[in-house]
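As a starting point, one isolated chain is supplied in structure tokens, in the form predicted on its own.
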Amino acid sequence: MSYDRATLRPRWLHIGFGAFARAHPLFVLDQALQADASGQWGAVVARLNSGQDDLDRLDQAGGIYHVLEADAQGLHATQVRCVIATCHPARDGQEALPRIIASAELAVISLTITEKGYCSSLDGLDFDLPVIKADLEGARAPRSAIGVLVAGLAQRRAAGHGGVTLLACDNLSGNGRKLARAVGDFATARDPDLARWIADTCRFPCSMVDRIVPAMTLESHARITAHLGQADSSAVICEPFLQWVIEDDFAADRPPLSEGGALLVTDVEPYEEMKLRMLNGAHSLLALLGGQAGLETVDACMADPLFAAAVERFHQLEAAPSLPPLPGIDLADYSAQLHRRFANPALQHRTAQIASDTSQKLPQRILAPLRWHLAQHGTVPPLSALALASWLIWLLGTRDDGAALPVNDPQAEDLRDHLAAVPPDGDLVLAYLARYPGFGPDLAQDTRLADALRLALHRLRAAGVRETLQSLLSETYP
């Protein structure tokens, strides 16, 4: 059924109004309102840095946009109507978002700010980041998502309002815990009493989100215009599949998310690890190796029997064995489902998009199962080693045919400078292990990993991706 937008109140704030937010958390909220609008869960959407024009265009459309699900049969459009306001600091002032966070009606803040937006290190908030240093110095209004959240929560506490639910929707293992740690560390540095109030009154549920949403292109917008019969600059194209598993831990009122298709559980971690290692791990494998081989989209990779076989091998022998038993889930069926989703020709999910921010993604997607294999069997899984070696080649800048690799990563400049300083007869792998913090001190000093990476790097540089995969897939697994 439909719902009356005029009755909606600003109860939900979403920070990071990108394509994924439109196709996933806001889509689910809209579906929830279709089933139960009694809670008046209107959404305010915000961007922190870029994207002001996107919000202006959404305002011009009355806050309404379309999500188009794509498969081989074509497109199916759904109108999303839950957004009732937008906010951007550059347009509305630096204090606008903290004021919204402090408003009495607000109950949920969700975030899709990418992995790097959490400003986290292995030990919590990364206090060395320039944006965090500047936010804590207090000479200007905060610019980081973490700083903005804490500023708003401080105002909320001062106003005498209760805590809120802060719901992370990014592909991070334990995303709610990471968000809680970053917010808590920042608040402690600013005001320990505020940090205690946040810990006592706010909730940071973990969640697992799953929907393939490729970056929008001119061609995507043209398809949308042709299908709708009109332009919609905020519309997105995505796959039909959607999954959202949320830890049932809310500070106050809980929106009717289960009615919108979300699954509320006591422990998200098993679902999260399955998705990060099976889906996201295979995505990174395809993005790095496929991109190095010159394949531009995931479906192009899956149409190549060699890459499809590599994904199957990765699932069966590297990712799935590292997972605990999951009640009600057959990992072989899940793997087959992922194969079908990856092969969807309507999505055109670009390998370069998936390869962006690889430094933030490898710990959850590749290194976590790799650590399991080292602990259980004392071996480094070869496809995982190949993905890690491929990223080293991405950092060096040239794919197999000599074309440049488009690296978009927050640690790329530092790693490139470090690798460039290695003499011709030096050990690139040791420099890589020592510099990339995702390895951690355990893997950085593990000679088994160093040896596996040297072999993988040698094979990729000597023979290229295709011949290396062909040879590896014919070998017996260690």
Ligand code: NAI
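Here the structure is a predicted model, which means the values were calculated and not measured. Counting begins at 1, following the sequence as shown.
The next section is about a form of this same protein that is not shown, the form predicted together with the named molecule.
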Looking at 40, 60, 49, 445 here, can you tell me which has any non-hydrogen atom within 4.5 angstroms of the named molecule in the predicted complex?
49
With the named molecule left out of view, choose which of 117, 98, 147, 205 has a non-hydrogen atom within 4.5 angstroms of it in the predicted complex.
117
Just one of 49-57, 31-39, 425-433, 65-73 has heavy atoms within 4.5 Å of the named molecule in the predicted complex; which?
49-57
In the predicted complex, residue 457 touching the named molecule (heavy atom, 4.5 Å)
no
Can any non-hydrogen atom of residue 405 be found within 4.5 angstroms of the named molecule in the predicted complex?
no
Residue 211: heavy atom within 4.5 Å of the named molecule in the predicted complex?
yes
Just to confirm, residue 234 within 4.5 Å of the named molecule in the predicted complex by heavy atoms?
no
Taking the named molecule in the predicted complex, which residues of 223-253 have any heavy atom within 4.5 Å of it?
none
